[in-house]
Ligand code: T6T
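We begin with a single chain expressed as structure tokens, specifically the form predicted on its own.
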């Protein structure tokens, strides 16, 4: 009887020790099977973010991730984006938010609040602070920044435009907002690029706040103030579209070269018509797909996500604008 008693006690002890291990293993297995839900919060309603959404949805379908897309902001700015972000998060059961912050500073607190509630963050296209999430800071909590190297792009635009202009003359920049990482980088890179050519000068920078009509008016005023401007850099689609329309209105098509950022159908058509001379195409669909892919790897495989993931960019010129291989880089809704 004593032997039977000790055997029963031993079995009970083994079972008691094994239960937490079994429960933990079962929990991990359930976590692996759980359907993931990622939310996408774009910066504004425009072809760039519509194209990014398409890349997000295609990759999510491939990986079996549920996607929620927030309302598209009708204008750019934290005062519009933050309420949309909060309403989206309030839907609950969101594992990851992929967001293009509309300010380097104003989105830190709202996103940190959601992070502290257990939602992971990936910033796409734009970032928080200086974008270096690898160092301890108030904005280092996102898993990653996934987007273009805007400073490099700005510098390459300057080099292309300078070559078109024979490496001499005055140039002007029309851009959007002074507190958005992407366009700040483009302006910085462009200025540094132009500074390498001693016979070139940047005569002004204007901020249109993502309003195309304002960009057109600002460009017209710049052309009047500096009749010797020979080149213009529009740092995003609103800036570039407003700038080339101003040049057309002033009767200076061809005489003033336009370098633009963002391969919208409008800008590609303007390039074909000779109203624009260069278009930098980012890869928004790839940016969106990478955000989903890295989020999936983080949750399902325990992967360490790189703090920066930087897809490249392409340049449209009159020589390659009809190339079949280039058509995939045009932004479409």
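Residue numbers count along the first chain shown, from 1. Only a predicted model underlies this, so the values are computations on that prediction, with no experimental measurement involved.
There is also a form predicted in complex with the ligand; it is not shown, and the following applies to it.
Novice: Taking a heavy atom within 4.5 Å as contact, would all three of 76, 125 and 282 count as contacting the ligand in the predicted complex?
Specialist: So, yes: the whole triplet contacts the ligand.
Novice: Of 108-116, 82-90, 233-241, 128-136, which is the one stretch near the ligand in the predicted complex, taking non-hydrogen atoms within 4.5 angstroms as near?
Specialist: Single hit among the candidates: 233-241.
Novice: Please pick, from 293, 266, 46, 286, the one residue with any non-hydrogen atom lying within 4.5 angstroms of the ligand in the predicted complex.
Specialist: Flagged contact: 46.
Novice: With the ligand left out of view, choose which of 260, 182, 219, 175 has a non-hydrogen atom within 4.5 angstroms of it in the predicted complex.
Specialist: Checking each option against the ligand in the predicted complex, the one that comes within 4.5 Å is 182.
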